[in-house]
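Here's a solo chain for you in structure tokens, the form predicted on its own.
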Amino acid sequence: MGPLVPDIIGNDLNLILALVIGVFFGMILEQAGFSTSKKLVGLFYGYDFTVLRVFFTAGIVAMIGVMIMEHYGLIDINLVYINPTYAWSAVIGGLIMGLGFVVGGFCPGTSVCAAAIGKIDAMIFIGGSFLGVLFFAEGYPLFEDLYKSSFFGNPRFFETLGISQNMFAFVMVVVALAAFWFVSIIENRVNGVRQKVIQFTPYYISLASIGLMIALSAFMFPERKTMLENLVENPGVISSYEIKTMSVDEFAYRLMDPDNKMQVIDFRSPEAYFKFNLPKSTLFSIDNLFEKEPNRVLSVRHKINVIVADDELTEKKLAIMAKEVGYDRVWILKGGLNDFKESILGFKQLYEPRTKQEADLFRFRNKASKEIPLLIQQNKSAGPVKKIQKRVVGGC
């Protein structure tokens, strides 16, 4: 599961790969004409909107790509770096960069691309960029309050708007298509082209079809957590899904058994967990099921994971989600913790056993009702699932 850094790709190798990718990215920019300041500033004068089309398209493709990877559990979105939002520094920085873009004819990335093929104006632009960086760094104590003002954290746009991720992606693709159409009108007027923007030719029909497919694909890859939460609310799925159950007696036996092949995955609230928790138990949340690092707990070889909650229905819903995420050896406690507390911890023999099997059962439960509370006092549970890995800092 991604991100690949630092588990699969180390930090040092990451820098080397970034350099290689950057070189290829620069080559593509150059081939696309982005080393020409005249083409770049055409965005501001209205005669060439290639920059808008390329970067808007790249953003949409990346957005859909991340959604697909998240849908199939290939990336832990919580570990993807999101630039923190400082409103005033973003506004002022954007104005300064926009002004520099218009005056100099480059942005920081395209200036390096142009300098690489020997353009003098791009080299001068880069020199100016370094002077600006030096000025900001040396003057940081003066700018710090403004730089850190109006902090909004790491918001995601669809969460701020209160809409689903899929709806936001769909709207963004539609806005992109509308923007491409609108800027084409502007281009034609500025350049004196009388050709219609929309023509019913195979080329334009193909482009429109691709745009429509990308827009609709936003609904084909819903957020995995939301999709599974909706799935387990279906009574038909609950009744037909096969999940292994463990009786309260076997569960009690395994808790007392020194053979450490069972781990208890406790999905109750933190308050309930810290008030009463079992040996060999780890506190989990639904979010942990979809996160890269906590999931290692569920992937330990030769161990069975017994999901516990107050009732069996909740356990089964969580177990279905865990199975759908891709985890095997998932069991649930029959009757839930409520039944375990009543049948084992609070065991009371109400009548004399009528068979030998019943006598053995009563004897075992009587023993378990005394030993397990001692184990609870003596043993420390694992507590909440540990998350050490931090988001890799980066971004443009």
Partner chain sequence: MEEKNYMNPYLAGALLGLLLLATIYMTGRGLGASGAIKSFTVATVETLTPSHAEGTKFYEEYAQEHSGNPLKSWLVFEVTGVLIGAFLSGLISNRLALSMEFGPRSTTRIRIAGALIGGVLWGLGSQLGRGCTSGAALSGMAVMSTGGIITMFAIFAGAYLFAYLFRKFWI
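Numbering follows the first chain given and starts at 1. For clarity, every value in this text was computed on a predicted model and none was experimentally measured.
The protein also exists as the form predicted together with its partner chain; that form is not presented, and the subsequent description refers to it.
- For its partner chain in the predicted complex, the listed stretch (343-351, 323-331, 50-58, 367-375) containing residues with heavy atoms inside 4.5 Å is 50-58.
- Although the partner is absent here, Ser217 lies well away from its partner chain in the predicted complex, with no heavy atom inside 4.5 Å.
- Proximity of Ala359 to its partner chain in the predicted complex falls outside the 4.5 Å heavy atom cutoff.
- Its partner chain in the predicted complex is not approached by Tyr273, whose heavy atoms all lie more than 4.5 angstroms from it.
- Taking non-hydrogen atoms only, Pro108 approaches its partner chain to within 4.5 angstroms in the predicted complex.
- Among the residues Gly118, Gly162, Gly192, Pro202, the one placing a heavy atom within 4.5 Å of its partner chain in the predicted complex is Gly118.
- When contacts are defined as a non-hydrogen atom within 4.5 Å, none of Tyr72, Glu250 and Ile286 contacts its partner chain in the predicted complex.
- Shown without its partner, the chain has Gly100, Phe101, Val102, Val103, Gly104, Gly105, Phe106, Cys107, Pro108, Gly109, Val112, Cys113, Ala116, Ile117, Gly118, Lys119, Ile120, Asp121, Met123, Ile124, Phe125, Gly128, Ser129, Phe130, Leu131, Gly132, Val133, Leu134, Phe135, Phe136, Ala137, Glu138 in segment 100-138 as residues with a non-hydrogen atom within 4.5 angstroms of its partner chain in the predicted complex.
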